[in-house]
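As a starting point, one isolated chain is supplied in C-alpha cells, in the form predicted on its own.
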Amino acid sequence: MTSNLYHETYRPQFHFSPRQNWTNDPNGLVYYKGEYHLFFQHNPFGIDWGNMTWGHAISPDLVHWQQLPNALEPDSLGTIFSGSAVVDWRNTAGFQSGDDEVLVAIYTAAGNTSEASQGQPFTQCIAYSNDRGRTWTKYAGNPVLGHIVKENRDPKVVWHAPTSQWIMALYKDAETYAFFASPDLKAWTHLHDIDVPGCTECPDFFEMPILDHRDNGSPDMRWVFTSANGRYLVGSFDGHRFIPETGPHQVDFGANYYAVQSYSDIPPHDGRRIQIAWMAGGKYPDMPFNQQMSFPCELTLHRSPIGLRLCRTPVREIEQLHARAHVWRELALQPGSNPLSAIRGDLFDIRIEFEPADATEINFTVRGETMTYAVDGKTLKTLTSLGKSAPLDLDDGRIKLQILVDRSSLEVFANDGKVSMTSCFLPQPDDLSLSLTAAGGTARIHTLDVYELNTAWR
C-alpha cells in the first residue's frame, strides 16, 4: 500500500472501488446492525476479469467504505459468481450459533470455470456467517439447487412474509428467469418461469409501496422485478406466481449501468429501497484497480399518466461530503454567459431547476464533457449525456437536474429521478472547468446550487 492509495488520478472519490484489481457485479447487498454490506465480484489476482471471488466491504453510511478480507473463495464446485444475501431473522436454516442473527449468502458456483471445477455445471449454493459477515462457512450440503440449464445463475432471495417462505428469482438463459420457494434456504421448489423481453442476467425482486397512494389506509404495495440492465416489471405476487401489470420499462439511460441489485433488510424505520449498479465498461488507465460501483440510489414507485414507474435518486447521505457551496437564484441565462466560469474542481453535486423559456438548448460542460437538454418544437425534448439520450418532458414547465461528478463518472438525475443516466468518462486530469450555457435564446434559472465535495477516502 502506498501513500497515494485511493487518491490516484482516476480513482473515484465517493464511489466504491476495490483497493486493487478487477471488480464487477455488486453482490449480497444486505444491512445488519448499522453496517451496509457490499460484496462484489472480484479478481484478487489480476486487473482483468477472472478467478471470481466475493470481495467484501462495509459502510456505516453508504459513502465511507472499508474493504474487508474476501468473503467467498472458489472451490471444487466452481468460482464464485453473483448472488444475494439475507438476514435469517427466524433462523429458518438452523445455522445460528450465537446471539447475532445469521447472515446467509446465496450464490452461483460457476462450474468448469477453474481447474478445480472442471466438468462441474453451474449450481446455486449458500454460505453463512455468525459474526456479522467477518467469516463465512459454506453449507456442507451444497449445492442447494442443482443445475437446470446452461449457465443458470445470479440468485436473488427475499423473504415473503404472508406465506412464510423464501423466494428466489434466478436467471436461466436468454430472456428467461425462474422463481423458486423454500422454507429454509436449503430445499427449493420450482414455482414458475417468466420471459422478460430485453432482459438478461442478475434478477432482483422486491416489494415496495406506491408513494402517495393508500388503499383502506394502508400503503398500496407492488412487487418489482429488475434485470441486469435495470429494465423492470411492476406487478403482484402471492407467494406462488408473479403477475406483471406493466413493463418492461427503463429508468436509467446511461452508458454504464449494469448488474443492478438492491439492499435486503433495510430497517422499517428507514424503509428505503437502495440500489447499486456496476458501472460496467469504465476506463482507468495505469490505475491499480479496474471498474467501480455507481453511487447508491433510492428507488421509489409512483403512479403517472403512463402507469406505474420507478424513480431513482442519489441517497441523501451524499450531503455528508458537501463542502463549499455556490448558490444562484432567479438567474436569466443568456447566450454567451457562463455563471460557473470561476469554479474549478473534479468533485461536485450540482442541483438546478430551470425553465427553457426561449432557449433551444441548455448545456452543462463538465471537465470537457457536455450534457445537453434540448427542446425541438413542442414535442421533442431530450436529455443527452456522454453519447446517450433519454426523452424528458417538462414538469410544470420546468426541468430539475442533479448531477454527481466524480473523477471517472458522471451521473445525471432528472425531475426527481424519473430519468437517470449513469455513465463513466475519462477527463483530462488538468481540465477542471465547469460551464452552464444556453443556446437559441434566454433560459430562466430558478435555483442553481453547486456543491464542491470532499473525498470519502479519509
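Just count from 1 along the sequence shown to find any residue number. Remember, predicted model here, so these are calculated numbers, not experimental data.
Not pictured, yet referred to below: the form predicted together with beta-D-fructofuranose (FRU).
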query: Heavy atom of Phe206 within 4.5 Å of beta-D-fructofuranose (FRU) in the predicted bound form; finding: no
query: Proximity of Asp154 to beta-D-fructofuranose (FRU) in the predicted bound form, heavy atoms at 4.5 Å; finding: yes
query: Contact test in the predicted bound form: Tyr177 vs beta-D-fructofuranose (FRU), heavy atoms, 4.5 Å; finding: no
query: Ser82: touches beta-D-fructofuranose (FRU) in the predicted bound form, heavy atom cutoff 4.5 angstroms; finding: yes
query: Option from 198 to 206, 285 to 293, 92 to 100, 266 to 274 whose residues, in the predicted bound form, bring a heavy atom within 4.5 Å of beta-D-fructofuranose (FRU); finding: 198 to 206
query: Contact residue in the predicted bound form, from Trp223, Phe364, Trp136, Tyr258 (heavy atom within 4.5 Å of beta-D-fructofuranose (FRU)); finding: Tyr258
query: Option touching beta-D-fructofuranose (FRU), based on a heavy atom within 4.5 Å in the predicted bound form, out of Asn415, Ser408, Gln41, Ser59; finding: Gln41
query: Stretch 14 to 30: residues contacting beta-D-fructofuranose (FRU) in the predicted bound form, 4.5 Å heavy atom cut-off; finding: Asn24, Asp25
